[in-house]
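Single chain ahead, by itself, as structure tokens, in the form predicted on its own.
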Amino acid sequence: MPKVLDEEDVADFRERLLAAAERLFAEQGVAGVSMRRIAQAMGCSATTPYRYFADKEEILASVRAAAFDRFATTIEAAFARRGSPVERSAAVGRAYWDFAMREPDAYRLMFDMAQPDDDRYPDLVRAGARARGCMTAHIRELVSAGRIAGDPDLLSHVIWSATHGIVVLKLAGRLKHGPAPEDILRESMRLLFNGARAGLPPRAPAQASAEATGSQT
């Protein structure tokens, strides 16, 4: 008689299935993966994955949603640290880089393997929106604190685009020669944030002196 699975059993199997699928998608792409191959990687019958997911597209959506959630949790934890808006923003930048280096397969699936019908998967839409919100929150705080000027949503997309480009080049092995990728990222952020600060209104001498003194403490 087949074992009756409780909620914990189901959740555990889904988690293991998604981990196996993530590896296969990252290694072989969506076209190279089938439900049968996922079942083989799991060591179960070819029909078992269909008890949990309709098809491999639904599995891919679930894999990506889980990755977005892990990414967002990492970014939220960095943003929650105590410190000034500048320090919190820097922590977010480090957390972004560290996540991509720690989970390169997940990162590629999140951003480089978009699905044309994302809207079919509410959990993927939710997780993607959560991740985007994380990447905007620290920029919004910097603008509100008067540390940079501009539209937070636009600025966050500019900064994300630069960061993503460097991450992808690093993961593709295209930055083996020349400056270290971390130095390239640091210099890119310096230039971008200096440009965003250029839009701030001029400070009165007394205010500038007070801010300079405060930044040294």
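By rigid core we mean the largest C-alpha set that fits within 1.5 Å across both forms. Numbering starts at 1 and runs along the sequence shown. All values reported here derive from a predicted model rather than from experimental measurement.
There is another form of this protein, the form predicted in complex with a further copy of the same chain, and it is not shown here; the text below is about that form.
Between the options 92, 143, 100, 110, the residue in contact with a further copy of the same chain in the model of the complex by a heavy atom within 4.5 angstroms is 110.
For a residue to qualify, one of its non-hydrogen atoms must sit within 4.5 Å of a further copy of the same chain in the model of the complex; none of 12, 21 and 42 qualifies. Interface residue remark: residue 51 is not counted as part of the site for a further copy of the same chain in the model of the complex, having no heavy atom within 4.5 Å.
Contact check for residue 184: a heavy atom falls within 4.5 Å of a further copy of the same chain in the model of the complex. For the chain shown alone, residue 60 is not a contact residue for a further copy of the same chain in the model of the complex, no non-hydrogen atom being within 4.5 angstroms.
Of the heavy atoms in residue 87, none are within 4.5 Å of a further copy of the same chain in the model of the complex. Counting a residue when any of its non-hydrogen atoms is within 4.5 Å of a further copy of the same chain in the model of the complex, the hits in 128 to 159 run 128, 132, 153, 154, 155, 157, 158. The Cα shift for residue 172 between the shown form and the other one, taken after rigid core superposition, is 2 angstroms or larger.
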